[in-house]
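Single chain ahead, written as structure tokens, the form predicted on its own.
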């Protein structure tokens, strides 16, 4: 049975917000006292929140058809008919077009490119320089996703698209629009148009290449853009899928890279062990893999799922009525002390001998038929990029004790991950 949120708990949640500087604090406070099913008690904003393996299985697998991904929010405004914000057969059609470039069999084809893009970014660093791994990780992730999906070398374009991309991410990040959907959104139009113009130009260039009889060159890439064009999608729908994958594909990788360096900076012994492993083995980086998994457990980039409820849904603790907004929390699930020993601690070794936790208790990439299409790609990318960075430079943390999670489009470390870098 659903427990009530008392005034005392409301005050505790408010204190947790000021202490953590994040809505994650109040969510953890409510979860601790109320359990895995509760309703946020804010006037005008009362979504249901669920977490835990049973809730995740219901939302992602058994009752998934009772939930809609398409919401009335800025994410839908931005992505239009993108695969992330469509349902039913339309979603299945778009996803089918996207699976080939992300298939695990394709990953070896990307390894050298990922190393080269990482090297390009590192080539701009000077010995003893302070870098922000949130920013540098974003550069690497942008270069990799643009090359992978669109066969586009974006190195010279980064100065032009950098701020528009950041503004685009800010546009879909949590803000006052959650409470007041029609709040004016000034200051975004120019940036959103710049990204649209950039993507439409890539589409136009590819179509022109095909018209000029160079299709054999294009088809060798076997990239996402070519699959969309070959399927007969018009420019607008192609843009929607491109923007969806550009934002989702690089922002999540950015967060994973940054959090991994933040956690290594906070745990120097593990940092040293990872460097030693990379120096002494040929690609079999078991500890690094465990560090990445633990980073994803503590700070999953997509930390919460946002759904509209199409039909009444029964959970063990209560019912979410049709028409309501509901969040399922990956963050709370993966930090649930009833499931995870020392749930708040950074313990990569917990993954050394296989996870002894219930199914659907570790879901950084979601689950079920709509699990993240780039899950294998993202983990391989993190492994290759982090190993290359640690092979080339030594990293000294400068603000490890000041980093806290920020709920943007993804869960990011703020105010950044400052590192002094010295070439090895």
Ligand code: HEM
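In this text the structure is predicted, and so the values were computed from the model without any measurement. Numbering follows the first chain given and starts at 1.
There is also a form predicted in complex with this ligand; it is not shown, and the following applies to it.
**Student:** Could you spot which one of 118, 260, 168, 252 gets a heavy atom to within 4.5 Å of this ligand in the predicted bound form?
**Tutor:** None of the other options qualify; the answer is 252.
**Student:** Though this ligand is not shown, can you say which of 37, 393, 365, 67 has a heavy atom within 4.5 Å of it in the predicted bound form?
**Tutor:** Spelling it out, the residue with a heavy atom inside the cut-off is 365.
**Student:** Taking this ligand as it sits in the predicted bound form, is residue 383 in contact with it (heavy atom to heavy atom, 4.5 Å or less)?
**Tutor:** No, residue 383 sits far enough from this ligand in the predicted bound form that none of its heavy atoms falls within 4.5 Å.
**Student:** Classify residue 330 as contacting or not contacting this ligand in the predicted bound form by the rule of any non-hydrogen atom within 4.5 angstroms, answering yes or no.
**Tutor:** Result yes; residue 330 sits at the interface with this ligand in the predicted bound form.
**Student:** Would residue 238 count as touching this ligand in the predicted bound form under a 4.5 Å heavy atom rule?
**Tutor:** No, residue 238 stays farther than 4.5 Å from this ligand in the predicted bound form.
**Student:** Within 4.5 Å, heavy atoms only: does residue 302 come near this ligand in the predicted bound form?
**Tutor:** Output for residue 302 is yes: heavy atoms within 4.5 Å of this ligand.
**Student:** With this ligand left out here, work out from 315 to 323, 132 to 140, 88 to 96, 168 to 176 which stretch has heavy atoms within 4.5 Å of it in the predicted bound form.
**Tutor:** Careful reading of the contacts points to 88 to 96.
**Student:** Report yes if all three of 267, 347 and 417 come within 4.5 Å of this ligand in the predicted bound form by some heavy atom, otherwise no.
**Tutor:** Heavy-atom distance to this ligand in the predicted bound form: none of the three under 4.5 Å.
**Student:** Going through 359 to 395 from first to last, which residues have a non-hydrogen atom within 4.5 Å of this ligand in the predicted bound form?
**Tutor:** If the 4.5 Å heavy-atom criterion is applied to this ligand in the predicted bound form, 359 to 395 yields 364, 365, 366, 370, 371, 372, 373, 374, 377, 378.
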